[in-house]
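To begin, one chain is listed below as structure tokens, in the form predicted on its own.
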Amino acid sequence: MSRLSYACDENMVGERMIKFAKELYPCNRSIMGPDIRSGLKKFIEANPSFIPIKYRTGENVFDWEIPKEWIIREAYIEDQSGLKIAEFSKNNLHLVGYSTSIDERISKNDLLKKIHTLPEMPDAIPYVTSYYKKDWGFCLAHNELSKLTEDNYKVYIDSEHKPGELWVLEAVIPGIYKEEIFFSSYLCHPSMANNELSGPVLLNEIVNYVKAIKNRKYTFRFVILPETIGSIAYLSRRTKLLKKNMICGFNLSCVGDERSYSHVKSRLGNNLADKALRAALIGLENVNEYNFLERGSDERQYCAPGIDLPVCTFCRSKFGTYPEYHTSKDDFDLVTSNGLLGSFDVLRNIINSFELGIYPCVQVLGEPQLGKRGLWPTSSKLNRGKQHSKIRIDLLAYCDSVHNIFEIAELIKVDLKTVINELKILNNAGLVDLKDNVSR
């Protein structure tokens, strides 16, 4: 078995992730441009294992084309007295992403057609983009509309669209086997903590954890990219390799709150990643499972027909289901170190399962005699011991080298961490052999 070493207590892990997210938060990221490159460079600085893969504007990637990058310097609405409203410099969500430049005075009626609000959340600024259609617009908290009392306003957006580069970060941490476990997240939205930053900072922490595994069995591959166009671009170059080597993969999105745990299933809902995540969520509070028809992140690309990689999506509160989603309220009141740590624990248990050996095989015929090995309570009063022994004997009943650890956890309805610990005990007692079921 691999020996896992990760010399940090859990409080440090959670605080490290939240600190990194807060450092990244103010930047005006988008799918392409200097701002997202600046964010990606911070990940390279934090973890030199990340290497950028670059795609030029105009490059064909499957059915798509790499667009021009967006440079934004300033934007605002100004009344006749010089009072500025919806200032980009004060909150980058005020501007519709990828807005074209404009410097004109227009009527209030025409301006209102270009303003987006959320009447149901009057204090929140919505997040709106127009990546692939030339357009411009502003976003306001709905209660700010009352400030627009004049007949006309100056509208100013100093932006530029020009040929450039789309970046995808990739880190490959090799193991003994060529078989790979894959993690993906996205970095392309401004000033939103859960929808935007929780996934990449969690992924970065997982890279650190995997690198600390001694005698690592599996190869681990990690990517951080702009959502949709980034995963499409990445797959245009890596599909053949991924289909050959990937055995399990997870797309990470909205993993920083404390409200729930969510599994967005793959297209068919039964690959190894689906089974692993389902097992890892056993015993946690407020677990939700979503059909692929309720997809919305890069699982759309990884599970597309003809690609069909063994990937599913892991969230805390699923994208689109929590009220703060795509608004200025998606902040660090929502995302916490405990929320991120809870997500880290889920994925750590999955990683530990693979490194332990996911196909256990009992080494005796018939039900083992646990008592002589000190694995069965000798007194009927030891209720706690009996409970653990019941788990132990149920676990052994499915250690047939056919059922994997995730299927067994679901069959006996025991959380994955407990199953891992019990298998270690049984393995040390010589009762179970832990197999990987991969080519060497």
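Counting begins at 1, following the sequence as shown. Every value quoted in this text rests on a predicted model; they were computed, and no experiment measured them.
As for the form predicted together with a further copy of the same chain, it is not shown, yet the points below apply to it.
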> Though a further copy of the same chain is not shown, can you say which of 177, 156, 136, 292 has a heavy atom within 4.5 Å of it in the predicted complex?
Replying inline: 292
> Using a 4.5 Å cut on heavy atoms, which of 121, 172, 83, 304 is close to a further copy of the same chain in the predicted complex?
Replying inline: 304
> Which of these stretches, 295 to 303, 219 to 227, 337 to 345, 200 to 208, has heavy atoms within 4.5 Å of a further copy of the same chain in the predicted complex?
Replying inline: 295 to 303
> in the predicted complex, does residue 357 have a heavy atom within 4.5 Å of a further copy of the same chain?
Replying inline: no
>> Given that a further copy of the same chain is not shown alongside this chain, does residue 59 nevertheless sit within 4.5 Å of it in the predicted complex, heavy atom to heavy atom?
In response: no
> Even though a further copy of the same chain is not shown here, does residue 40 get within 4.5 Å of it in the predicted complex, heavy atoms only?
Replying inline: no
> Do residue 63 and a further copy of the same chain share at least one heavy atom pair within 4.5 Å in the predicted complex?
Replying inline: yes
> Looking in the predicted complex, is a further copy of the same chain within 4.5 Å of a heavy atom from each of 87, 127 and 433?
Replying inline: no
>> Using a 4.5 Å heavy atom cutoff, which residues in 352 to 373 contact a further copy of the same chain in the predicted complex? It's fine if the answer is none.
In response: 362, 364, 365, 366, 367, 368, 369, 372, 373
